[in-house]
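Below sits a lone chain in structure tokens, taken as the form predicted on its own.
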Amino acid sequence: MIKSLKISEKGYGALMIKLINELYPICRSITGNGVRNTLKIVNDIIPLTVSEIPSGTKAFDWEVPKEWNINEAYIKDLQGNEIINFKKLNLHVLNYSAAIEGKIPAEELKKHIHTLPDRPDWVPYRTSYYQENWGFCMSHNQFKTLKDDTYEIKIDSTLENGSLTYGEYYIKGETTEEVLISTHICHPSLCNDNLSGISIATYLAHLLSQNRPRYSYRFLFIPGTIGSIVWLSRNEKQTKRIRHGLVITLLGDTSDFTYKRSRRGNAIIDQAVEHYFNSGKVKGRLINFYPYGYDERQYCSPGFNLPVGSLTRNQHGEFPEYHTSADNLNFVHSDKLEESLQAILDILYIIENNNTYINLNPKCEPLLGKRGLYDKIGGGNESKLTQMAALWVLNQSDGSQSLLDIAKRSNTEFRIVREAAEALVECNLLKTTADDKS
């Protein structure tokens, strides 16, 4: 079991920013070479198992779509002056756009251009995954410069039978019970959504792989929605091992944290995050589950009802940069990425150490001093807190209350409660039970 989950050395924020910079130019989608190239780069840090699921494969009520790839796209005037070019910003093309080439009247072209009139300098991110269409995206200020009658356009893309690609990384723990960490990899040049999630998941996996955790950990790098649906359809029996889970995204900006509870509402992961937020380590808010958002809604669908919550900073649609070109390299910050990584480690620390104990001296309060307990607890400002935590642990440890239950009831930081329990075990006043409340 991992007794401590801390970033031992600073600098992980810089490593995550470096990875984001490397991934930023790649045009990703729910299928295609952009996803494969992304997973190859992640594979240089953690060894991934990559799966290719053929187009047309059934996944519950869904079907793996045709694979989309793109080589080139632009709009030019008839003098050859370039208006926009996909190679300068891959958001300029409607994601999953069909191919088109030729001269087109401006009136018709404008019907296929997406802009943000209220943010005239930003380029929107738009998709057409399941309805074949073609289109471009540009800033509204660029759009207003389209004065000619005719333009030359080209979208050199393919939409044909291929496969959906996802990556998986498994860390074997002391038990076969699993913690699921899921992040989506389908967005093109958008940093908070979701290069932040990819980079944090990658280095979280890297850190956990250097330890022997209590739980086994399964990391999924998947296309949003269709990826989780496909994975669940192929691993339905395996989901019975999942005891806790987090969907991670939108974790690189400067806002406070948001945790969206699992559908269960009171799963151990929900309680752990709530207790962590209440400890004051970070500022965060809790919101209840609702069936929209990221892949937590698939993991929490009634047929699975897995204990999976979602950790973000701001939620999708709550910040103006969401799904625009303003979600760029300047929008994410190394210190916030590192803070997010540490927050997840702190939450996992609670889950990893949430044992249930039996008091071996349950008839009245034992004499702690003669057992040297106070020496084991040590001095410092926390000694009295730990002494009180020891009394709480002894009083509540009848086999029905986990350390997290005790920490919540005593309004004491989980780490202090755990350290008190460890000291009591050393004094032969406490033993663990097989019931870990998971």
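All values reported here derive from a predicted model rather than from experimental measurement. Residues carry their position along the shown sequence, with the first being 1.
The discussion below concerns the form predicted in complex with another copy of the chain, not included here.
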For the chain shown here without its partner, which stretch in 202-210, 272-280, 228-236, 172-180 has non-hydrogen atoms within 4.5 angstroms of another copy of the chain in the model of the complex? 228-236
So, in the model of the complex, is Cys300 in contact with another copy of the chain at a 4.5 angstroms heavy atom limit? yes
Does Lys66 reach another copy of the chain in the model of the complex if we count a contact as any heavy atom within 4.5 Å? no
Taking 4.5 angstroms as the cut-off for heavy atoms, does Pro366 touch another copy of the chain in the model of the complex? yes
My question is simply whether Leu394 lines the interface with another copy of the chain in the model of the complex - judged by any non-hydrogen atom within 4.5 Å. yes
In the model of the complex, the residue from Tyr322, Tyr151, Phe289, Phe86 with a non-hydrogen atom within 4.5 Å of another copy of the chain is Phe289
Within 4.5 Å, heavy atoms only, which of Gln315, Asn328, Asn359, Ser163 is in contact with another copy of the chain in the model of the complex? Asn359
At a 4.5 angstroms cut-off on non-hydrogen atoms, which residues of 49-71 are near another copy of the chain in the model of the complex? List them in order. Phe60, Asp61, Trp62
